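A single chain comes next, written as structure tokens; it is the form predicted on its own.
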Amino acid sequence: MSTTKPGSAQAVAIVTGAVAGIGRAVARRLAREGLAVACVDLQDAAPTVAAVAADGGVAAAFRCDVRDAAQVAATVAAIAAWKSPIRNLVNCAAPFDPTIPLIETPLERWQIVLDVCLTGTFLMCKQVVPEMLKGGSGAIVNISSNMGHVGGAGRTPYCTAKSGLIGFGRALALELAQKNVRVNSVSPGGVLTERVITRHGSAEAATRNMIPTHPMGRIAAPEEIAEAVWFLSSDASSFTTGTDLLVDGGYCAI
């Protein structure tokens, strides 16, 4: 479903939020499987494209605000013109959200988190699904979070958006279940990304602060989340749709 067959056109995987962290790790992982990766981000994803090229893969950068319907439509059209068929979509885009009590959370902050995570995923799927149906198959993976399963004080917008992604994925999976397009999500626990380091002040502080809530006694590397995304993107999960895969070191098992 998601790999390039010998003698066929190179299939495309679209990764939003590809400039850093989990998104960059996912782009590199999918490229290693022979997919041409469209690296979509509000910022210039050229560093991710360079990393993919250094690995021997194929990628291109596409700048897009996933909240903007016109930009999303134009970007997906540009990707389809670059290479086709589009077989994979990984919705990883998410804004940085500071930890703020609800009563101090500006409406603008609430809106941007929901717009990027939920509306952005909706708009990307709305444009990409027809391309997948045209090609005969596809796999969509939305990046949720363990915070989509449990609460987090001061993280109301984030928890709401990530929980919404799980529900969105289930509904879309049922809609596409007989059309050879699968929809799943991955919910990471603590991951040592640039954004997490910024939140905690340093890599050491992030690790120290987050380890107590993770029974495995550590937090994840972005590459470990990318492995889970690849599983759900590949034929190895061909009978899996409408599910959410927790990759959280046991966080939600407590």
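Only a predicted model underlies this, so the values are computations on that prediction, with no experimental measurement involved. Numbers follow the displayed sequence, beginning with 1.
The protein also exists as the form predicted together with a small molecule; that form is not presented, and the subsequent description refers to it.
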Partner proximity in the model of the complex: R32 to the small molecule, non-hydrogen atom cutoff 4.5 Å: no
Heavy atom of N88 within 4.5 Å of the small molecule in the model of the complex: no
Partner proximity in the model of the complex: S202 to the small molecule, non-hydrogen atom cutoff 4.5 Å: no
Contact label in the model of the complex: V58 to the small molecule, heavy atom within 4.5 Å: no
Listed residue (V52, A206, A226, V191) with a non-hydrogen atom within 4.5 angstroms of the small molecule in the model of the complex: V191
Among the candidates P95, G154, G164, G135, the residue which, in the model of the complex, approaches the small molecule to within 4.5 Å (heavy atoms): P95
In the model of the complex, segment of 103 to 111, 127 to 135, 140 to 148, 75 to 83 with a heavy atom within 4.5 Å of the small molecule: 140 to 148
